[in-house]
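Given next, in structure tokens, is a single chain: the form predicted alone.
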């Protein structure tokens, strides 16, 4: 799932689970769609119940709160999907015979911006919950560290061996790059989501230039 609609994948996965009743399945599918359409904060359990044609008490009985409903859907999917998604993304990028590290960054940023644009609502939900939920951070961050950071570290080591990057620990380079890219995605798609008229290539070029050269004028 390196590309495409994440909502469809989440719904498909919920249909495969044997732990849910038909009623729970309907609640989950309805909640996902409403979260994406209206936003998590603007969707009430009463609206979910009405759209799913169940009593609101049924949602409380199965999930307790709207937060738990969200976590019950997104958390298992991300845990199951992150390893495969990370391998797909980095495998796809590196299979294109990327020449230099800047080309890798450009391909990675282009790929992930396209993916987030396709799944903007889910990305916003997850980021907002990560900011406010200690439980979600404790559950998800180890998966990001183990899979995504591991893939980035392999790429950094490759280009260090080629002599393109400075001779400092790969973990240090990783800690400098990853928060910068992640922060850019959060700022663009969550904190300032109305900036739709951005020049995509120029934005990516500026971010890459900042990563490679910083702010100091030579």
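Numbering follows the first chain given and starts at 1. Rigid core here is just the name for the largest C-alpha set that superposes within 1.5 Å across the two forms. All of these numbers come straight from a predicted model, not from anything done at the bench.
We do not show the form predicted in complex with a further copy of the same chain, though everything after this point is about it.
Of the listed positions (101, 77, 143, 115), a single one reaches within 4.5 angstroms of a further copy of the same chain by any non-hydrogen atom in the predicted bound form, namely 101. Taking the partner from the other structure, a further copy of the same chain in the predicted bound form has no heavy atom within 4.5 Å of any heavy atom of residue 64.
For the chain shown alone, residue 127 is a contact residue for a further copy of the same chain in the predicted bound form, at least one non-hydrogen atom being within 4.5 angstroms.
Taking the partner from the other structure, a further copy of the same chain in the predicted bound form has no heavy atom within 4.5 Å of any heavy atom of residue 29. By the criterion of a heavy atom within 4.5 Å, residue 120 is excluded from the residues contacting a further copy of the same chain in the predicted bound form. Within 4.5 angstroms of a further copy of the same chain in the predicted bound form, the stretch 148-176 places a non-hydrogen atom from each of 163, 164, 165, 166, 168, 172, 173, 175, 176, taken in sequence order. Fitting the two forms on the rigid core leaves the C-alpha of residue 187 displaced by under 2 angstroms between this form and the one not shown. Comparing the forms between this form and the one not shown, the C-alpha position of residue 34 differs by 2 angstroms or more, with the core used for superposition. Superposition on the rigid core between this form and the one not shown places the CA atom of residue 60 2 Å or more away from its counterpart.
In the predicted bound form, the CA atoms of residue 39 and residue 120 move apart by 3 angstroms or more relative to this form.
Whereas the shown form places them at one spacing, the Cα atoms of residue 120 and residue 41 lie at least 3 Å farther apart in the predicted bound form.
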